[in-house]
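Presented below, as structure tokens, is a lone chain in the form predicted alone.
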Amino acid sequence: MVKIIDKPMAINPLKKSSLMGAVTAFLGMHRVMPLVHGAQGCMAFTKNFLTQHYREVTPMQSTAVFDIATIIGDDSNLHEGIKNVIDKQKPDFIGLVTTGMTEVRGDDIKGSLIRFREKYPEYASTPVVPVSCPDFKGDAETGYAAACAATLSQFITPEVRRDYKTRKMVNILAGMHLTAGDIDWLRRVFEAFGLDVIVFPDLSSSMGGQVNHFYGLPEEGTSADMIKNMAHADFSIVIGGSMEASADILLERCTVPYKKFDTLTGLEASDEFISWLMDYTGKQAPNWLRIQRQRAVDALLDGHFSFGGKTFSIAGEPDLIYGLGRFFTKELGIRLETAVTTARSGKFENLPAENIIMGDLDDLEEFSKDSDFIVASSNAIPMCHRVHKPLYKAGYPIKDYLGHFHRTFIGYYGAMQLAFDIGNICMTLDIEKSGH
């Protein structure tokens, strides 16, 4: 029986702030400067965190609010910060992210931006997208989704005329849990079905290592022009429940319909996705996709003796744990003891876990005593050492594994790779248990 436990405090933190998620989303947009409105430490911690995860340059700036400015509470730090970023970096637009400190102080960000425009009309050509990110509300996935929705709200205007195109165009609203490998797989699939795509935000291009020079602004992500063109798309695909608010904006303002996939991890989810594409385009799946599916089925067959009788526990953001948890339990047949997550969003409450906890890694340690292995980020390494359980790394941050951002977790290829990875963990446990 599933029971949900709400915990009032964190001991071994799992949750990342909404600030980190919002900055991550802006890093997936071309020539956009994330500007953190708070103390320098708020930005420095986020920058250090993301640099260790992506191992790439992570441009961002801070309004550097200090103690006296916090008490006085005027607009000076925010206005000077925006001016400096525009003068020195010349971004296409600024992603203005608040912090717990400025939220608690009660800053009126929208009012302050209006006063900035009145005081400095010479900067009117650079849009500023404000995102409210109090540390005490939501998690990184919440902040990521809020930044995407705020950007679309700023750039998408009601559109009634669409240009004729020979190829249909589809928006891919990519959740925070997707890797560069996932997005590359999606691009290849849509191309095979003759569809043009706009990926929003596109972290695979900006943080995937293909920019070969030093840069002061994120490059190669979704540009402002591409964001505006999303209003002309024929359809939107939502990957992850957290991104539905962005799809609603496109639907309500431009009548762009959408299809939501809570996850694309596993055979069943991939079949549903490919079947939808076949119905939508009237085309058959390409041969390479059929081969990938056969290999994924074979991987599940190869590992089924090892999966049997195993138990695992998982911790992470809602979209991530729903996709992996559903695949491991429903298709690999592994029992889920405990799922620990950080915010009430998506469909994680549908997981067949004995315990579903809104908590931290301390809860994971306490409620995973019967688990054979753990699925979580690198932050769970000390815990796994203490309880002598193997850790399968997934989520944010992965600090001790090169190439994690290029691994694929969705589609038939991702199902095959996950089945092999988990099968190898289970097989090693069996070998150790047998003593051979």
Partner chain sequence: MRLAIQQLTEEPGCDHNQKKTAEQKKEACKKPTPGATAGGCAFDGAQIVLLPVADVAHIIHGPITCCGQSYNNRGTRTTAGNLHQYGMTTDMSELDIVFGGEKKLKASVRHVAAKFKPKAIFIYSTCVTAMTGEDIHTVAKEMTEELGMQVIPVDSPGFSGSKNLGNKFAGNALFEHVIGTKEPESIPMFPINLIGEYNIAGELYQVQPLFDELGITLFSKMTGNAAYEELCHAHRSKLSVVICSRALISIARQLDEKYGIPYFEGSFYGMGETKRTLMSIAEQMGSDLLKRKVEELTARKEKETYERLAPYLPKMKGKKVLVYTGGVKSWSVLKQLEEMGMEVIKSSTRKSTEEDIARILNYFEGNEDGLMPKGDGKTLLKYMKEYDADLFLAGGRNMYNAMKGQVPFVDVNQERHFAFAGYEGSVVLAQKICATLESPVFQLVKKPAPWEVSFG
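Only a predicted model underlies this, so the values are computations on that prediction, with no experimental measurement involved. Residue numbers count along the first chain shown, from 1.
One more form of this protein should be noted, the form predicted together with its partner chain, which is absent from this view; the next part is about it.
> Each of 274, 285 and 330 within 4.5 Å of its partner chain in the model of the complex, by any heavy atom, yes or no?
No: none of 274, 285 and 330 comes within 4.5 Å of its partner chain in the model of the complex.
> Counting non-hydrogen atoms within 4.5 angstroms of its partner chain in the model of the complex, say which of 278, 291, 104, 297 makes the cut.
Spelling it out, the residue with a heavy atom inside the cut-off is 104.
> Could you check which residue among 392, 49, 367, 405 gets a heavy atom within 4.5 Å of its partner chain in the model of the complex?
Exactly one listed residue reaches within 4.5 Å, namely 49.
> Please identify, from 223-231, 83-91, 266-274, 303-311, the stretch that has a heavy atom within 4.5 Å of its partner chain in the model of the complex.
Comparing against its partner chain in the model of the complex, the contact stretch is 83-91.
> Does its partner chain get within 4.5 angstroms of any non-hydrogen atom of residue 416 in the model of the complex?
No, residue 416 sits far enough from its partner chain in the model of the complex that none of its heavy atoms falls within 4.5 Å.
> Is residue 184 close to its partner chain in the model of the complex, meaning a heavy atom pair under 4.5 Å apart or at it?
So residue 184 does not count as contacting its partner chain.
> I'd like to know if residue 361 sits close to its partner chain in the model of the complex, meaning any non-hydrogen atom pair within 4.5 angstroms.
Yes, residue 361 is a contact residue.
> How about residue 157 - does it come within 4.5 Å of its partner chain in the model of the complex, if we only consider non-hydrogen atoms?
Contact check for residue 157: no, nothing within 4.5 Å of its partner chain in the model of the complex.
> Are there residues in 41-64 with a heavy atom within 4.5 Å of its partner chain in the model of the complex, and which are they, in order?
Those in contact are 41, 42, 43, 44, 45, 46, 47, 48, 49, 51, 52, 55, 56, 57, 61, 62, 63, 64.
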